[in-house]
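Next up: a single chain in structure tokens, the form predicted on its own.
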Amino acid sequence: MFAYILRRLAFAAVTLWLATLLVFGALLLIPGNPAQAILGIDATPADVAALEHRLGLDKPPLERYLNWLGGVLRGDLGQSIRYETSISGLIAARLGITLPIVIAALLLATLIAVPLGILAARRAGSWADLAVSAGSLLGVVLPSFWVGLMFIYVFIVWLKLPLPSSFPIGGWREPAKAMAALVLPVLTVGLASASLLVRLVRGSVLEVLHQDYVRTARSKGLSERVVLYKHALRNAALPVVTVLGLEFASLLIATVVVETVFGIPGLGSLSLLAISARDYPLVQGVVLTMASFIVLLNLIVDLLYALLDPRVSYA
């Protein structure tokens, strides 16, 4: 097991290194001069050259990549062009808003999807199954930005609930207002995620309930509750755990839209601002941070998978 963990850690490190190459290389391929784009078309060549020198853009790409990679390894992602401050500090502050949304949404999605998926599987073909399947399909096809706007209209405009329509300026220094501001964003991304997970849980449980070992357990006279919770759910959980890791990454990316709709100053809105301002160092930092979370979650899922399924080889 220890060797397996070491191999997975090495694989994660290589993946992150490749991610740095892709992030840096992709920005090199974008046409146009970043310094010219920042200063505008009226800037003189001398001003453009001075900004290129200040940003280090006049150095060869390999030297710039190695300098950036060295900073990344030291935990320093450089300076933001737009904000003229540490990118690491900016991302850390925005993660303090985005991560609670993602974690709460994933928890909400799991709490909704698991019981509804089990119910639909146990009563396959019934009205309950049809209702759950139709609801989950509706949740999948509706775009998150539209759902978010409808939530604003229904809960704030129509029902007049005292929910702020944007994140408080004081941030988490006003915890009650901050948590209230995150209710609708969490509902928006959580329900969308639950719609996908319900279908997965239903399919996974349904498949396991038709396995030979489940029929054997029933033939021994075990109650349906024992068959389900002791024998079936453990194996049905394997694909669900795998998708939960990937779903975390999807929710992290989905916040780009939801944070814009609700005026939340999180990592998603920061990435949009960085792209619109052509703040390439900040774009690199945000993308690499998201990639790091995805790699970390996949690593955790791989290790959980090995613990849940003894058939997984550690060799």
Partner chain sequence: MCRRWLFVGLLALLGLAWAQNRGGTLTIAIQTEPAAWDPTQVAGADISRVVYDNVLQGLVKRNAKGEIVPALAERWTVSNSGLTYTFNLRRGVKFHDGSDFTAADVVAKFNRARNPDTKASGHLRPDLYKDISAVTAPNPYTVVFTLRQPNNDFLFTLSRPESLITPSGAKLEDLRAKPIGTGPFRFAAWERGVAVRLERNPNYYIPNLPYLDGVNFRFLGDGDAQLAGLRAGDLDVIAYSLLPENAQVLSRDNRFKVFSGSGTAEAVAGFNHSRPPFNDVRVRRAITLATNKDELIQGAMLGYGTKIGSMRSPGEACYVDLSNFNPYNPEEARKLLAEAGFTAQNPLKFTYTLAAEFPYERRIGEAMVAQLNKLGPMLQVNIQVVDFNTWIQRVFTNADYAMTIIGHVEANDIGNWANPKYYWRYNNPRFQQLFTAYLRAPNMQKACENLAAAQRLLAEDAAAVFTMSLPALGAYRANLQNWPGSSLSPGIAVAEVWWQK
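Bear in mind the structure is a predicted one, so any value in this text is a computation, not a measurement. Positions refer to the first chain, counted from 1.
Another form exists, predicted in complex with the partner chain; not displayed. Remarks below refer to it.
Heavy atom of Ile38 within 4.5 Å of the partner chain in the predicted bound form: Yes, Ile38 lies within 4.5 Å of the partner chain in the predicted bound form.
Does the 4.5 Å heavy atom contact test between Val157 and the partner chain in the predicted bound form come out positive? Yes, Val157 lies within 4.5 Å of the partner chain in the predicted bound form.
Hey, in the predicted bound form, is Ile152 touching the partner chain, heavy atoms inside 4.5 Å? Residue-level check for Ile152: yes, a contact with the partner chain.
Considering only heavy atoms, tell me if Ala134 and the partner chain come within 4.5 Å of each other in the predicted bound form. Looking in the predicted bound form, residue contacts with the partner chain do not include Ala134, since no heavy atom lies within 4.5 Å.
With the partner absent here, would Arg54, Ile169 and Val261 each sit within 4.5 Å of the partner chain in the predicted bound form, counting heavy atoms only? Yes, each of Arg54, Ile169 and Val261 comes within 4.5 Å of the partner chain in the predicted bound form.
Only one of 284-292, 65-73, 41-49, 242-250 gets a heavy atom within 4.5 Å of the partner chain in the predicted bound form; which is it? Answer to the contact question: 41-49.
Which residues from 92-125 come close to the partner chain in the predicted bound form, meaning a heavy atom within 4.5 Å? Only a single residue, Arg94, comes within 4.5 Å of the partner.
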